[in-house]
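Just one chain follows, in the form predicted alone, and it is written as structure tokens.
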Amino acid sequence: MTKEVCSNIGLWLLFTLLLSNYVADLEASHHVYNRLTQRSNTKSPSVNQPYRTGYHFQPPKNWMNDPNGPMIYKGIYHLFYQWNPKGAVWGNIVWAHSTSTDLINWDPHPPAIFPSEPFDINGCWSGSVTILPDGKPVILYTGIDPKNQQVQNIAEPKDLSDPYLVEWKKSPLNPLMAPDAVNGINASSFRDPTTAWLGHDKKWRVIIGSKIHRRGLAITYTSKDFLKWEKSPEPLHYDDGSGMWECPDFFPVTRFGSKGVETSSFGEPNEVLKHVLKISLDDTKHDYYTVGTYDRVGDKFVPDKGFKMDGTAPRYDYGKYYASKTFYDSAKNRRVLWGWTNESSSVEDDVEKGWSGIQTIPRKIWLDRSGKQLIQWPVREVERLRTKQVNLRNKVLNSRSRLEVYGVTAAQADVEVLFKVRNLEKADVMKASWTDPQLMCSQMNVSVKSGLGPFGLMVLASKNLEEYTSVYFRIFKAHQNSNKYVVLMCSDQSRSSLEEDNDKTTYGAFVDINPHQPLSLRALIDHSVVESFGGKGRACITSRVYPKLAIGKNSHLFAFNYGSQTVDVLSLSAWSMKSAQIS
């Protein structure tokens, strides 16, 4: 560890001590556990805790939520995130800060932004980074003022020659955007500014999440100089019944290939440019997106046919995943997605283990050539952690059979498998009432046999299957005598742990793939998290599980088929994963 990193850790601990007497009493949707946040003896997590992840980003201790302002600057990746320096529950929020050269291994720095001024004295909430035309990054973030109003502030680096951007300063002009009686903004629902973009008129635009009664809003502000902002007469987009829109994100995508596009891009002449509007719905705690067209003159986002920005919209991830944020990686010409995954254990368990919350592995994200959905895939850098590999080829899974995968560390692994389904005509017929994939997966768990499925992986499994988490497919005929099929992907946590107090919700998603072709499934397994990617990233499900038996060397991995028809494993590759260096 370098002297600089050691110094940074020392500064981080100093900031922790300085902030340890600060306790917020905030409103909005965030639950403050005052009794727990006032603890002065926050536990330092043990290095051998069975549920701490090996290669997912998480701070050494305490609560973490939303990823904030991810970016690349002078070849260094930066991740800021919401962090409680005092305890393992939400409260006392600051912008913690870490840097990396590869998005996988991270070094910590002191908090970049912490409550210090009237405009943020009750908390420094989520926001984004914008890279200005001269190359200077600036942060827009939500501060909570003495009246518990949500206001928008700006901060900029003290030293642009420092690629680590360790020190930040706040503008004396803050707050730049504030609610008042004239603009009709809900002072307790006005937060999370996006990365800004330059419009056709050379004015900056930024959107902020809000609501009025049940109407969810993406409010637009414009500025010529990035300091004086004016509210636009109309929002970028809204929905009358969805409630609060948190953590909005708005970015362009191209329908040709998987390359990323910079936020202010007008697109190359030969590109068909679309835009994605993503919101985090406070009511459901899920992230939804729509694909559409951005009217640059009218400052309006118009969803494509079939898209509606509400709880029916497609989701980035159909499991435990929220408050996501993307950035344009100019070094590799890609758009990268970060997302927060909270715990499924009790608050008391979180306090006992001394930490709560992780970030999922960063994902490259792009628009499918059909223009109908986004594709996600773990960034390639995570593959550098792969070590011992096991390969299986052309294995047959008969009805009610399992195949154990030996030779890898099953508690910390990366698995890719390709299935080939026989006898598609034997698939059960889809019922008209089966419209909710999560409900279908809950009612037809892994023990329920159907014509085609369930087949997939059992991960974090105990030897005798007292515990296991199953990730699998089922295939249905769309209608009787139909040659069209529906593919259902499930992540079943109902048997994941003998501990009864955990959240064991089962998740599900429909996967837009052709079952006449091989079906792919990838699982990133890391002690208490399973990130699953179906159909080469067309459906993603993240789960948090806490087995009592299937931990460490006692964890097992199986491919299985519990359906009535035979399924082929064309290929299965599994790797043990090294731990990332996250100081």
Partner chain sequence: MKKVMMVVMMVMVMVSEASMIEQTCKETPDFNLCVSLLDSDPRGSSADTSGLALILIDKIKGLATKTLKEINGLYKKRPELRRALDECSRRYKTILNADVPEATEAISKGVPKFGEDGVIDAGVEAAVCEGEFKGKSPLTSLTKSMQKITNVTRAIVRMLL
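Positions refer to the first chain, counted from 1. A quick note: this is a predicted structure, and the numbers were derived from the prediction, not measured.
Not on display, but discussed next: the form predicted in complex with the partner chain.
The partner chain in the model of the complex is approached by R214, whose closest heavy atom lies within 4.5 angstroms of it.
By the criterion of a heavy atom within 4.5 Å, G91 is counted among the residues contacting the partner chain in the model of the complex.
When contacts are judged by a 4.5 Å heavy atom cut-off, Y546 does not count as touching the partner chain in the model of the complex. In the model of the complex, the partner chain lies within 4.5 Å of some heavy atom of V351. With the partner omitted here, the stretch from 61 to 69, 551 to 559, 532 to 540, 515 to 523 that lies within 4.5 Å of the partner chain by heavy atoms in the model of the complex is 61 to 69.
Between the partner chain and the residues D180, D225, D501, E425, the one pair within 4.5 Å by heavy atoms in the model of the complex involves D501. Comment: the partner chain is not present in this chain, but in the model of the complex one of D282, D239, D329, D299 has a heavy atom within 4.5 Å of it, namely D282.
Residues I144, N148, Q150 of 132 to 170 are found to place at least one heavy atom within 4.5 Å of the partner chain in the model of the complex.
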